[in-house]
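A single chain comes next, written as structure tokens; it is the form predicted on its own.
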Amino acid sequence: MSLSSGVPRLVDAVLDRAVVPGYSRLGIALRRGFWADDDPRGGALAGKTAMVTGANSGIGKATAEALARLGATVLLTVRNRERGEKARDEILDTVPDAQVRVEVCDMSNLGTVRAFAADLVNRVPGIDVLVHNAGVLPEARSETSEAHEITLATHVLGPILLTEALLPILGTSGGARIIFVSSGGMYTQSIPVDDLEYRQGDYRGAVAYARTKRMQVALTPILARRWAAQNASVYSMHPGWVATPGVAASLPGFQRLTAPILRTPADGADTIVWLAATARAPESGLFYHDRRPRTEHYLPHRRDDESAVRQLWTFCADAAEISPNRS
């Protein structure tokens, strides 16, 4: 039985609209029962290379381990080499024959991202999977050395620039899959076109996080069209509510309240791995949760019009110093 048939489709829709059960461990447990023939096959990524940013813990580390199990050479891309090496060693403890390398890059610093990508293009023949997972949730507003608000730089500007700079080696073996790890919290926000750098009002880290996760989702169709010429599929997704070190540190109240129903990091990584490795590439340009496309808006007053999305894209392209249009 699959999610395309009547009862499973109804269950899936109820879980999605109810939010709490759908985002919890219950949601993925129920849906998993409909996925019997839907898993990536063993060795699905043999001979391929995958890059995962923010891969030293939580969902990023679980994603890296799962991709390694499927045969990929995995580039753990982290800010701190020591923590990256610890994560690599832990992955090798569970997947002894894995091919895992540590790369160091601060995704919030555009100059660093540009230099890192230029070096990588000369060292790596191709990247087949690129998972943009690196994330921050600051208590107070801070700016990078390039004067960009830290969540915007980390979640939006850095990933766009990194992908652009890696285009010469993306999908050289037959197509690439690019995945933005968003959040269900993005449903609570719309694009703040008049304050993309969050300079106005009282700063709240959770709001900054949700805003930039909304931006990732809003830009996904534009980026899918932009990078289609490289035979790249582009996705955004949200993992549900997951117990990770980042959640515990940044949202301790939420962690305490929801602890009994939080998903494991492996559960959170499931859709990322499915998007990266399922035999037939899922439809590009869409927003996914638990292996299925989802609506980008539930609240009418949070719906972004085309003008807002275009303004956001123009701003991001200018900040990353790339042309907004492909020639």
Ligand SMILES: NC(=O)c1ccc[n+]([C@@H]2O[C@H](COP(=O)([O-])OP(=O)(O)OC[C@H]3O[C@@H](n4cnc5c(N)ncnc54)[C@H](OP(=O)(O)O)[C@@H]3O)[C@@H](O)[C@H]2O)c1
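The structure presented is a predicted model; accordingly, all values stated were derived computationally and were not measured. Quick note: we count residues from 1 along the sequence shown, nothing fancier.
Form predicted together with the named molecule: not shown, discussed below.
K.L.:
Hey, with the named molecule in the predicted complex, do V136, S183 and G246 all fall inside the 4.5 Å heavy atom range?
P.N.:
Yes.
K.L.:
Could you tell me which of 103 to 111, 170 to 178, 226 to 234, 188 to 196 sits within 4.5 Å of the named molecule in the predicted complex, going by non-hydrogen atoms?
P.N.:
This holds for exactly one stretch, 103 to 111.
K.L.:
G71 near the named molecule in the predicted complex, any heavy atom under 4.5 Å?
P.N.:
Heavy-atom contact with the named molecule at 4.5 Å: absent for G71.
K.L.:
Might T278 be said to contact the named molecule in the predicted complex, defining contact as any heavy atom within 4.5 Å?
P.N.:
Because no heavy atom of T278 falls inside 4.5 Å of the named molecule in the predicted complex, the answer is no.
K.L.:
Report whether the minimum heavy atom distance between G27 and the named molecule in the predicted complex is within 4.5 Å.
P.N.:
G27 lies outside the contact set for the named molecule.
K.L.:
Answer yes if any heavy atom of I59 is within 4.5 Å of a heavy atom of the named molecule in the predicted complex; otherwise answer no.
P.N.:
Result yes; I59 sits at the interface with the named molecule in the predicted complex.
K.L.:
Could you pull out the residues of 201 to 231 that have any heavy atom within 4.5 Å of the named molecule in the predicted complex?
P.N.:
Result: Y209, K213.
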